[in-house]
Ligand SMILES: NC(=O)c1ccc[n+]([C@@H]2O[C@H](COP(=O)([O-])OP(=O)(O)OC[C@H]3O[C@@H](n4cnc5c(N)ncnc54)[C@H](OP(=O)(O)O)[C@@H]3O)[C@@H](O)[C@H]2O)c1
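There is one chain below, alone, in structure tokens, taken in the form predicted alone.
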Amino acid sequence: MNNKYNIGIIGGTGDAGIGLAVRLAVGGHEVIIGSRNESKAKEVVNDIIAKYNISGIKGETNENSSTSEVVIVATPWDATISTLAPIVNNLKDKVVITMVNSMIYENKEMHSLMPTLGSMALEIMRILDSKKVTGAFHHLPAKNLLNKDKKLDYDVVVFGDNQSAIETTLNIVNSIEGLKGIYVGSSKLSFAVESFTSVLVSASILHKGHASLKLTGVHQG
């Protein structure tokens, strides 16, 4: 049985953040979409409520969103550290799930970039000085998340170093209908997980689709 959480989404006004907020709210969680601009966050939430007629979502500042029980980081990669720096104290000893990928669009493809420490997850772990950072949701197509009536059928790769944080992350993933969380290992795999997003996005661009993942031959209860 999955627990219900109060979840803040930092930088949650992009398509991926909004889509994830909608799915989490449908799954019974209380969600706060965070933004540097509070009025933008509230406008996004008003649009969600009008379009989908769902409750359980609020729009706040990133700072207010960061006081949630669990926090998801959905910022653009190049704004992640500057966004988290002022709210580090709110995030200490808290489960923080990153879905950030560092990529650049070039020659009609998405190309992965390697941050200084090797991945955005490791950069976030460094600034938060925390082992409770996990990774998930990197490979989900935002357009399909945004369409509440679209049936999902995806596996979600989860990595992390802290067992309780991993379990919380898997609970949250599995609470969304059509998603299955699969733990793949430690944060040492973070660059491989993050960088593979560029393959999926490039495939989506080339074939005009919405590529994601299904892992076969893996059994996880």
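We number the residues from 1 along the sequence you see. Not measured: the values here are computed from a predicted model.
Here the subject shifts to the form predicted together with this ligand, a form of this protein not shown in this document.
With the partner left out here, this ligand still marks one of 123-131, 147-155, 87-95, 67-75 in the predicted complex; by a 4.5 Å heavy atom cut-off that stretch is 67-75.
Contact check for 100, 137 and 142: all three have a heavy atom within 4.5 Å of this ligand in the predicted complex. The closest non-hydrogen atom of residue 35 lies within 4.5 Å of this ligand in the predicted complex.
In the predicted complex, this ligand lies farther than 4.5 Å from every heavy atom of residue 114. Put simply, residue 104 is far from this ligand in the predicted complex: not one heavy atom of it is within 4.5 Å. The closest heavy atom approach of residue 40 to this ligand in the predicted complex falls within 4.5 Å.
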